[in-house]
Structure formats: structure tokens, C-alpha cells
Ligand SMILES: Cc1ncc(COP(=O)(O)O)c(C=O)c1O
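A single chain, nothing else alongside it, follows as C-alpha cells in the form predicted alone.
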């Protein structure tokens, strides 16, 4: 039997091996080969800026959205059920993500609440997820009177660590929510195998991952339920909105009920489940359907630019680039790299300020603290200052004592780089030059 040969480009190799670079950078502190050119004067000290290229301002909507809205205005109803815009949005979504069941909804947060409801998550159940994510990932868990359990992250991916997730599984665990943070795919095969082994539901939080691919497969098509966000900052948008989707017959048939007050619109009368109203309207669906025609170009451009940045900064001493598997497509809702504090004569804040002065679109960190560090978690004050599940003795979770060391280290050492489809390769190359320039100046 012949062995299949795989060819990997230099860029793919660099992106895929950034994890190995990370291990060396964080473990023994051995510096990689440094550039020999004389350092330039930093812009923050009066030197010339490294980033001179401008980012073009392009409208996010136009004729496709206008045409779809004009069609919508000819309708007699703007209600979602059997609406032509919702139907079109569903069809276009299924072309991008091949799933049988699709429920449009009012937000990504709503999609996640729909998912945990359809998964049967209830009082005292545990759902394992990431501590570095938008709070919308866990709102639905708490409203189902269940318990979010935060697992630690991979040092270079900022995604859930499979081994740590498994360590946190208990008899109360009902589901795993794998967050594809920044549009970088989680290790879905490993999570699916883990979920199947423990009879758990795997929910994909794809809010930041429109157009991402895991080993060539569309994000959202591997787990039991997938959740997407159409909020204004996402790759495509209708201002606010979301999609919950599934190929699993057990959960897919329930998505509509949990997004539409618990009723089954294919049958008259009767409410077998209790749920809230998370419906999307036809005007939102019209815009979202038109936006989907732009998705592939947006995703491909962001993937190319983010991978280019990794290629150019991978060998800078003290810099840990964003780790992406070479067979995956990350779509970089944002890009991040980490700095080793001991490698520089400055802190993260000073490094970031110097990059901003160079003209780079960067900021320090992402969220200020892991979710369990937020006051509402520290005080267990979810419902009018109370947490009934804990008061009833149905959980021993104490978020004030909870720790995810790698997640905390990531937030303390991460520098966030803006990536958009409107950027040129020249701009990204100059951003890489700025990172190299600042790193060289502050090298310990």
C-alpha cells in the first residue's frame, strides 16, 4: 500500500510549526536567530514610522444588500416563519456549512442559548468551555440553571486544551462548548471523540469563525450543534443576529422550538418545551443573505494576511506567533502574538505603545480577565445578586477559587493585531517590520 505524499508550502510550515516555536520560546528561553541589521530609532522616540501603508476604507454593504432589501419590501409580511428572506439565508448558509437543520435568531448569544436548550442542559448540569471568550458563550448555560466549568487553553492557539477539558469532566457534565477564538479552529476531531466517549454534546461556538475550515471541513459541520454570530463586528453582519445549526436528528429538530417560544410551527398548538423568543426578522435575514455572498472573499483574504504575518514574525526572538494547524484555515477575526516578558527590557504595555507609534493597528490583550475573574462570577451574583443552583447545594463551584493558569498567562502576554479584508499585503509586511523593529530595540 503506497503512502500518500503531502506537500506543504513554506507559509503553511511556518504557521503549523509555530507551536514548536512556542514550546521552545516559553520553556527554555533559548533565543532564535536574531537579525544582524543595526536597529532603527523607534517612532515613539522620534524615528520614522515602520507602517506607512494606509488601510483602505471600503463599505461593508452596497448593491447586493440593497437589492435584497428591495425584494423584502415587496413582501406582505416581515415575519421569519416561511419568509422568503429567511429561506434564502438558510439556503445560502447551508451552501457554506452543509447542515440539515438551521434556525436563524436574534444574536450569537441567542444561538448558544438555543443550543444548550436543545442539548437538554438543565438544573445543576455542567458545561465545559473556555474562560477567554465573550460572556455570551456562557449566558445560556447560566439561564438554564446549569454550571459553566472553565478549562485551560493551549499556549499558542488560545483554544481549549483537550487534555484539560477531559480532566474536568464529571458525572454532571452534559456538554462541551468549543470556542473557535479569533476564527482559529479548535481540534474538533479530538473534541468529538472525547464527547462521544463520555456521551456529551459538542457545541461549536463559531461566532468569530465565519469561513474557517478544520482539516478542510467547514467550521460548524463537525460538532453536534453549531452557533454563529452576525453582530456588527463579525466577518459578515446584519447589525445583530445569529444562526444555530445541526446535522444531528436528536438536536436539530429542537432548534426551532428553542428559538421560538417552545412551540413547533409544523404542528398547531402545544408546547412540549419552555423557551424564549429569539426570532430573527426578514429585514435582518435579507441583509445577512446578501452578506453571505461576500463571505468567501473575506475569509480567504483574512486567512492569507494572517498567515503572512505569522511567516514574517515567526523567527523574531521573544515573539510567539499565533499557532494554526497547517491543514486548517483560520480567518483571523483578530490576530494575536505573545511576548516572553524575560526577553525584553519593557513590559507588554510599553511594547504595545511603541507598536502603535510605529503605525501598527494593535492593542494589548483581549478581555481584561478570564470570565471567572469578572465580578459577577467572583460574587456568584447571576440572578439579582444570587445563584440559586449553589444555594440549593447542586454545585460546589466557587469561581473565586477557580484558576486556568495558561489562560491568565495568555491574557497577560498577548498583543492583539487588527486584521481586515481591506488591508494590503504591504500593510501587513510593514506591521511585521514594526514588530521586528520594536522587538530588536527592547531585546534583553
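All values reported here derive from a predicted model rather than from experimental measurement. Residue numbers count along the first chain shown, from 1.
Below: the form predicted in complex with the ligand, not depicted.
Student: So which of 254, 287, 179, 212 gets a non-hydrogen atom within 4.5 Å of the ligand in the predicted bound form?
Tutor: So the residue touching the ligand in the predicted bound form, by this definition, is 179.
Student: If the cut-off is 4.5 angstroms on heavy atoms, which of these, 221, 281, 231, 173, is the one near the ligand in the predicted bound form?
Tutor: For this set of options, the contacting one is 231.
Student: Any idea which of 354 to 362, 295 to 303, 272 to 280, 132 to 140 reaches within 4.5 Å of the ligand in the predicted bound form, heavy atoms considered?
Tutor: Contact-bearing stretch, as computed: 132 to 140.
Student: Although the ligand is absent from this view, report whether residue 207 comes within 4.5 Å of it in the predicted bound form, heavy atoms only.
Tutor: Result yes; residue 207 sits at the interface with the ligand in the predicted bound form.
Student: Tell me, yes or no, whether residue 107 is in contact with the ligand in the predicted bound form, where a contact means a heavy atom of each within 4.5 Å.
Tutor: It does: once the ligand is placed as it appears in the predicted bound form, residue 107 has a heavy atom within 4.5 Å of it.
Student: Can you tell me if residue 259 lies within 4.5 angstroms of the ligand in the predicted bound form, counting non-hydrogen atoms only?
Tutor: Heavy-atom contact with the ligand at 4.5 Å: absent for residue 259.
Student: Can you tell me if residue 185 lies within 4.5 angstroms of the ligand in the predicted bound form, counting non-hydrogen atoms only?
Tutor: Residue 185: no, not in contact with the ligand in the predicted bound form.
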